[in-house]
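The chain below stands alone and is given as C-alpha cells, in the form predicted on its own.
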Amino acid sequence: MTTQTETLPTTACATCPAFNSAQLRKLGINTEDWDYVVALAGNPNTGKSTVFNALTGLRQHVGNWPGKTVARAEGGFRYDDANYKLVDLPGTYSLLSTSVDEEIARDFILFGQPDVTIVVVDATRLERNLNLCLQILEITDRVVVALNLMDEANRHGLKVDERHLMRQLGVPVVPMVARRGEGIPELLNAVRQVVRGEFAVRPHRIQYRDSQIENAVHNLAAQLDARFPGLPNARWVALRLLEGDESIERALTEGTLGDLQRGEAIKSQNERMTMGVVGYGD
C-alpha cells in the first residue's frame, strides 16, 4: 500500500455533515477543510492506537480536550477524493460516565455526532469488547467495527465468523491485523460506504420485553425532545437517566446538556492548526 502527502484544500465542503456541527467546535474539534469527521473508539489494549497510526501516519496532532487534562489525538487522511479527520477517543470499557474518559467519549459520540465511529474490538475478547460496541450502536448507526488481532485469535484456535457478526450487529465488520497493515484498505472502504450511505446499516438496538420499561423510556424521551428540541438520540439519554447516570442528571440540572445540544461555538486553543494528510487510493 503506497501513501502520499496531500495539501488540504483551502475551502471546506459547506454541505458536508461535519460542517453543520457547531457542537464539534464546542468539543474542541476544528472541522475546517475536512469533508468528514471520524471517531475512533475501543477498549484499552485492542490495538486502537495502532489503527490510528496506520490511518494517519505522521500527520497527527496532540492536545487536550477542552477543560480536561485528558490528551486528545487527532490526525487526517485522504481516501477516494475526500478528506477525513480522525479523532482518537480515550480507551474505555463503557459509556456509562463513571470516569472522565467515558464522559468524553460519550459526549463526543452523542453530541458531536461524527460522520462515522470506528469501534476497534479484540477478536480474542469479543464478549468483553462488544459491551462498548453495543452501547455505541444505541447512540449512532454510523458505525464500522474493526475486528482487530485476528492473528492472535487464530493462534489461540478461535474462529470468528465476521459475516455472522455483521448480520447480528447490522453494521460493517472488518477483520484486521492492524500492526501488519492487514485490513486497512477494507476498513477505509467500509468507512467510505457508511459516510456515503452505500451500506444499509441496521444497527442492533435493545428492545425491552417489559412494557412498563418501554413505556417509561418512550415517555421520558418525549419529554426530553420537548425540552431540548433536536437533542440527538433522546431515547439513549432517557435510558441513562432511568439507570441513574449522575453525569446526565447533572447536565440536565445545570443546563449543560442544553449547551452541548445547541453546540455553542467556543474556539479551541488548538483549532487553527495546519496539517497535511496521508493519501489512500488517489
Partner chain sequence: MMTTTRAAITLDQLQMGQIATVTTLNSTGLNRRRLLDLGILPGTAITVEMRSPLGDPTAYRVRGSVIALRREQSREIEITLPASVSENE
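Since the structure is predicted, the reported quantities are computational estimates derived from the model, not experimental observations. Residue numbers count along the first chain shown, from 1.
The following text describes the form predicted in complex with its partner chain, which does not appear among the structures shown.
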{"property": "Heavy atom within 4.5 Å of its partner chain in the predicted bound form - the one residue of Asn189, Thr140, Ser97, Asn83 that qualifies", "result": "Ser97"}
{"property": "Candidate from Phe111, Tyr79, Tyr93, Phe199 lying within 4.5 Å of its partner chain in the predicted bound form - any heavy atom", "result": "Tyr93"}
{"property": "Exercise: Asp107 in contact with its partner chain in the predicted bound form, heavy atom 4.5 Å", "result": "no"}
{"property": "Touches its partner chain in the predicted bound form: Glu74 (any heavy atom, 4.5 Å)", "result": "no"}
{"property": "Heavy atom of Asn131 within 4.5 Å of its partner chain in the predicted bound form", "result": "yes"}
{"property": "Contact label in the predicted bound form: Asp115 to its partner chain, heavy atom within 4.5 Å", "result": "no"}
{"property": "Within 4.5 Å of its partner chain in the predicted bound form: residues from 218 to 232 (heavy atom criterion)", "result": "none"}
